[in-house]
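The data below hold one chain only, encoded as structure tokens and taken in the form predicted alone.
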């Protein structure tokens, strides 16, 4: 057996009876119908490629993405598979980008050779940019799960779709909501520092914020970038302390975010607020549970589920029952797989043109997010929007949009 073949899995293969029944119960609880069909499903499987950085510097997030994808596949298969294809089971074909765009692209080639009907990838913007470009060469449908760069969508690739918002939308809404929060507090924030990682994600977000923050009366007194990984934030935090900004705005990945926030607390930096935009840890239960004092009061504008959605809460409960931390990587990749499976089902075929056509016409609404039904324009879901969260009392609460909010914003943050 080749190394690549060893890495292929069929979700459900090797799953014992207890897990199988649990998955079936979860599927019924999620409103997915047709469970009896699984008993008669004999059709050939449908392969979906899953490419994530499960080794390397951003492996925590990549592993979370993979777990979300596998949860979705288990639920779909337990609910009867692809019904229009006679109940065909979905088979996840796993790839590891190692956090490197060129390796992610090479994984695409391997998967195309294996006959995948579509690909879900690839957590970071740089990797998603490479995997979607490579998939376009073979006209393979590609759903981006987390990558936020707007360049991913702007290239006009007809095979590429993104359910979640890009950083142009996120940063615009983040600044609008910051303006509301600041005005409600008497416009006490007048200066800010942005700290960002130096790849496509962080650099692009910082550029957008640099243009938008002055429009709401906040002077940007410094923009500080750092590589991933970074193991010591002391010098950066001392720079910030010297400038004494009212707001600190981080945009980086999980490990760096945690270390940065802990260093801010250790150095007793007294900002009026830490307001993240796509913060890698700010809306993450692991950070909140492991370092509650460093996390308390931090606000974020990021991907988040609708806390008033029964569907979202049931998925969260099911994921946590399996020992997972319910991070945005988990539910965004779950949704990306479910969106692709829905398109294959409606296409009634794994023909790539038909699946792409079905994705483009999608009105899928089983996401449990603060979105409406999908409406793709040039591959971007125009109905997608981020949510503002704040860590309050050790919980991650939604503070905007108001129709989804579970708490009011606390600003300035308590020292």
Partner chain sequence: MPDSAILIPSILNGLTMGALYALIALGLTLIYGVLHIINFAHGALLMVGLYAAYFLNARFGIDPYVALLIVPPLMFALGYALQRGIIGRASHGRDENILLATLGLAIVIENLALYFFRSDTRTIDVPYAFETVSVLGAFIPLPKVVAFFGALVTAAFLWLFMSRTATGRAIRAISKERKGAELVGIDTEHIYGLSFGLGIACLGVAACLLLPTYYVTPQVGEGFILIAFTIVVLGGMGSFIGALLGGLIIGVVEAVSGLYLGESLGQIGIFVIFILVLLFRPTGLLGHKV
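Residue numbers count along the first chain shown, from 1. What you see is a predicted model; the values in this text were computed from it and never measured.
Below: the form predicted in complex with its partner chain, not depicted.
In terms of contact with its partner chain in the predicted complex, the residue from 110, 316, 226, 158 that brings a heavy atom within 4.5 Å is 226. Exactly one listed residue, out of 117, 163, 338, 258, brings a non-hydrogen atom to within 4.5 Å of its partner chain in the predicted complex: 258. The shortest heavy atom separation between residue 235 and its partner chain in the predicted complex is within 4.5 Å.
None of the heavy atoms of residue 328 is located within 4.5 Å of its partner chain in the predicted complex. Although the partner is absent here, residue 230 is a contact residue: one of its heavy atoms lies within 4.5 angstroms of its partner chain in the predicted complex. Contact check for residue 56: a non-hydrogen atom falls within 4.5 Å of its partner chain in the predicted complex. Highlighted residues 207, 276 and 308: none comes within 4.5 Å of its partner chain in the predicted complex, counting any heavy atom. With its partner chain left out of view, the stretch that reaches within 4.5 Å of it through heavy atoms in the predicted complex is, among 145-153, 129-137, 297-305, 264-272, 264-272.
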